[in-house]
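Given next, in structure tokens, is a single chain: the form predicted alone.
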């Protein structure tokens, strides 16, 4: 199944008369990590949730992944939030729950995920007792069960210390290397430079820049983006 290019045509999203997203038009062929950036309130998280199908709009048919609509590829994608949503169970049980929901019966499947993410030391610990970085690792582990083709990450490292941030970035890079399409929001300029390939920059619900990360930092930008780069 080829899920690229992603094509979005004339997408708008209105809540209580307020335009949250305005006339979004993009075509994305980039196979690597796409960063969605912008100041707070620019519409980044909402955009990701709509691409994922978590927020339904009246014109979701304006979004196509390859030849497919969101409803056609729901099982091919997953999302990790800034504050992970985990069950009040052990890390192992959280992963096992998702594996069962996806009808995965492979022996030791969850153990392989645990080994892959290096979280064996917390596998039998209730997730309410583990650190923020460990919770994020468990959430990413849940998101990769079933080998999705697309993963959305909403500020996955914003509350983490440098060591866990490095661990998560390494996981993201490995996923991308293995042909998983990553869409990720981030405010961290250094992080964008480290792992981003393509960038979509949003302001007030509109996309005002869409190109490679390399060009984003090398080209002369408008005042808004220049300030974002200098102070981000």
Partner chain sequence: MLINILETAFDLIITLNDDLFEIINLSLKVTLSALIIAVSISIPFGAFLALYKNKYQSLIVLISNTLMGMPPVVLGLLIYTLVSKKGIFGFLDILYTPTAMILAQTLLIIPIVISLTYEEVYKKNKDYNLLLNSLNLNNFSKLKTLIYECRYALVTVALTGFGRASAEVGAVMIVGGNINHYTRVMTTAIAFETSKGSIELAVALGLILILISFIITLLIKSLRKIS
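Remember, predicted model here, so these are calculated numbers, not experimental data. The term rigid core refers to the most C-alpha atoms you can superpose between the two forms while keeping them within 1.5 Å. Residue numbers count along the first chain shown, from 1.
Omitted from view is the form predicted together with its partner chain, to which the following refers.
When its partner chain is considered in the predicted complex, residue 87 lines it closely, a heavy atom lying within 4.5 Å. Though the partner is left out of this view, residue 62 does not reach within 4.5 Å of its partner chain in the predicted complex, counting heavy atoms only. Its partner chain in the predicted complex comes within 4.5 Å of a heavy atom belonging to residue 54.
Within 4.5 Å of some heavy atom of its partner chain in the predicted complex lies at least one heavy atom of residue 102. Among 140, 98, 122, 151, the residue placing a heavy atom within 4.5 Å of its partner chain in the predicted complex is 98. Out of the listed residues 144, 110, 160, 79, 79 is the one that sits within 4.5 Å of its partner chain in the predicted complex by at least one heavy atom. Only one listed stretch (186-194, 202-210, 45-53, 24-32) carries heavy atoms within 4.5 Å of its partner chain in the predicted complex, and that stretch is 45-53. Annotation for residue 75: C-alpha shift under 2 angstroms between the shown form and the other one, rigid core superposed.
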